[in-house]
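First, one chain by itself in structure tokens, the form predicted alone.
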Amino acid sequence: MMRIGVAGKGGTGKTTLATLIIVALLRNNHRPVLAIDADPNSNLAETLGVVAPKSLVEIVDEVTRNKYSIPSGMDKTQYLEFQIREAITEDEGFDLLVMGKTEGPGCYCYCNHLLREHMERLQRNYAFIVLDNEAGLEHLSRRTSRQLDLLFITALPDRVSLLSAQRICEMTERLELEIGEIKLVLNQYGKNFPQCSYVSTPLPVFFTLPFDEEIWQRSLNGKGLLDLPEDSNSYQVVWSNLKKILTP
């Protein structure tokens, strides 16, 4: 089982990359995949093109509000686990679990704890876990990504975005997270930005993800990427680089 995470500053194409990784794994028989949307601003279901399941936050809120509806013979922890398993969306070759967001200023600590617990329990059932993290640094301090075989950090080729990528690298070291490899991916390179070779990067660039008109149009029209054409430039770039890691 391989655990892959995607992190980065908001707006750097983090969720798009996570989706392309999932699509590449499915199309090349690296399945089953557990896709986890750990971003409170949940978009992974839409980017994949599937119906979003009930989120983990919604489940916790419902069970907390209706604690007297817990069936006899079950404690709260068992009932939560049952509800979370029921909420996982099952699709062809992959399942989807969504973290969700609170309606108020509440803390995500308990939900993050539940997410970590369920990742550990569920992971034995999957060949791959792909985790779309919250934008920025907060998910690292909550240790949502504490055990990963591979972490992709997305960035645009500009100073602010690359500084954010650098801080993510530094925090993974400071928190001593168990991450096998960290790879930097530059997004939309050569379309909306000049090829600025003078911008320093916190890591060697693993690959650059080119602007893709097809993906842009699908985003505008609310269409997912599961049926993205095989000749999509972005798909080809992601798969050609991903298989370098998967090939022994």
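Note that this is a predicted model, so its numbers are computed, not measured. Note that residue numbering follows the sequence shown and begins at 1.
We do not show the form predicted in complex with a small molecule, though everything after this point is about it.
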item	value
Among 176 to 184, 24 to 32, 210 to 218, 55 to 63, the region lying within 4.5 Å of the small molecule in the predicted complex by heavy atom distance	210 to 218
Residue contact check: Ala87 to the small molecule in the predicted complex, 4.5 Å heavy atom	no
4.5 Å heavy atom contact, Leu150 to the small molecule in the predicted complex	no
The small molecule contact at Gly13 in the predicted complex, heavy atom, 4.5 Å	yes
Residue contact check: Ala135 to the small molecule in the predicted complex, 4.5 Å heavy atom	yes
The small molecule in the predicted complex reached by all of Lys9, Asp39 and Asn43, non-hydrogen atom within 4.5 Å	yes
